[in-house]
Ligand SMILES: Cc1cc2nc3c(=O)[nH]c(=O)nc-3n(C[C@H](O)[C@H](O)[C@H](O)COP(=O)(O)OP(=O)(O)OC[C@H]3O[C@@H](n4cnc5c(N)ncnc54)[C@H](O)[C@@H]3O)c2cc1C
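Take a look at this single chain in structure tokens; it is the form predicted on its own.
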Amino acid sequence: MKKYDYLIIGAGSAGCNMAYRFKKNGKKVAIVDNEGIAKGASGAAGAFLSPLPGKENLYNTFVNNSLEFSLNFYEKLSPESIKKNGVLRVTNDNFSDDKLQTNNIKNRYISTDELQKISENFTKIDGYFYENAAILDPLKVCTKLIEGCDFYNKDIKELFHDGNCYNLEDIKADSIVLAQGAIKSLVSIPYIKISPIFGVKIDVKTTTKIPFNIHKSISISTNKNDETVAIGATKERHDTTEMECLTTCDKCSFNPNSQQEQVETLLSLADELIKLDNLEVVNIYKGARATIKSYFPVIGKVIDYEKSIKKYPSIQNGTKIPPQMLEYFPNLYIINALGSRGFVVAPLLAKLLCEEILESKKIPKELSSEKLFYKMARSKICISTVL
């Protein structure tokens, strides 16, 4: 039986970045996933690294700071896995001309005529070009991140702590990090309400040369190093009051649309932006991306909600109980709800969580699991949920 300092459950962008951080700090690390490396949401992700335009606020500031960090990080980690050609943002219902143009992110307007000169395959669109954008190869990046770590392709059904460490069949670990995304958590964390958002991506071959990534209601990549082009979109939000993610999207009966309909929709939307000549679909990916209502990801220690409320019932009346007095699951941490920007935010989140674990540095409030705990505990709706 092997013993590790840290066992990470989930081998997507979040889990693999955590593995990298611990390994870099000299820890013995294992990562486990029942589907494999960069499957599920991370495999289905277009892995587009793009800025979030708009009037400056706490969320887009976090995303854009994460983008700058991740671009530098991935270029050093695996330069062959990243292609930094920029992105053309085309206006849609969520992003008007004013929102795309008027922000502190460097950009320039490209007219329809100018785009036609760049490539005759562009349709009659215009947009705003942001230089600081790229696309990744998810599998190559995640594989590189976990070099030197042991990987187990297995399904962990429950966590068992024997008083000294976690004992999971043939694996022992002092600490565990949950990086499961939309899959049902291995412990009860009612204050983190995950909303799975279904995403689909296709890789296509085309003789059309695409000079940069394009984003409107879907994303189209520039021609990648393997000569394919990625086309991806977030399709629909699942309602967690009605269902939970228990498996991967390709095995889930929730989504009623056929695979062919999903592909045809992506190709139709792509055709509204640029004509793709001699088109061949070579790969189809599906995945449920994990989000929460605030859109912010969540990282930190995992609080035992039931035990904490039982110990301090006055929390529900607004009594301020310091975080260090709460009840926590032993040596259990979480990194989750990365949404559709998993590869953008994961490197910075992993760094922050690793620093909290190894150096006791405080996690920014908007990202902390403690913030969500207090919000739920003080909600009148939840007063009797665990008593």
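So that there is no doubt, residue numbering starts at 1 and follows the sequence shown. Since the model is a prediction, treat every value here as computed from it, not as a measurement.
The same protein has a further form, the form predicted in complex with this ligand, not shown here; the description that follows concerns it.
The closest non-hydrogen atom of I9 lies within 4.5 Å of this ligand in the model of the complex. Taking non-hydrogen atoms only, I214 never approaches this ligand to within 4.5 angstroms in the model of the complex. Using a 4.5 angstroms limit between non-hydrogen atoms, G339 touches this ligand in the model of the complex.
This ligand is not drawn, but in the model of the complex it has a heavy atom within 4.5 Å of F48.
Screening A173, A288, A133, I194 for any heavy atom within 4.5 Å of this ligand in the model of the complex leaves a single hit, A288. The single contact residue among R108, K275, K310, K154, judged by any heavy atom lying within 4.5 Å of this ligand in the model of the complex, is K154. Partner contact region in the model of the complex: 342-350, out of 321-329, 53-61, 358-366, 342-350, criterion any non-hydrogen atom within 4.5 Å of this ligand.
Contacts of stretch 158-173 with this ligand in the model of the complex, defined by any heavy atom lying within 4.5 Å, are made by none of its residues.
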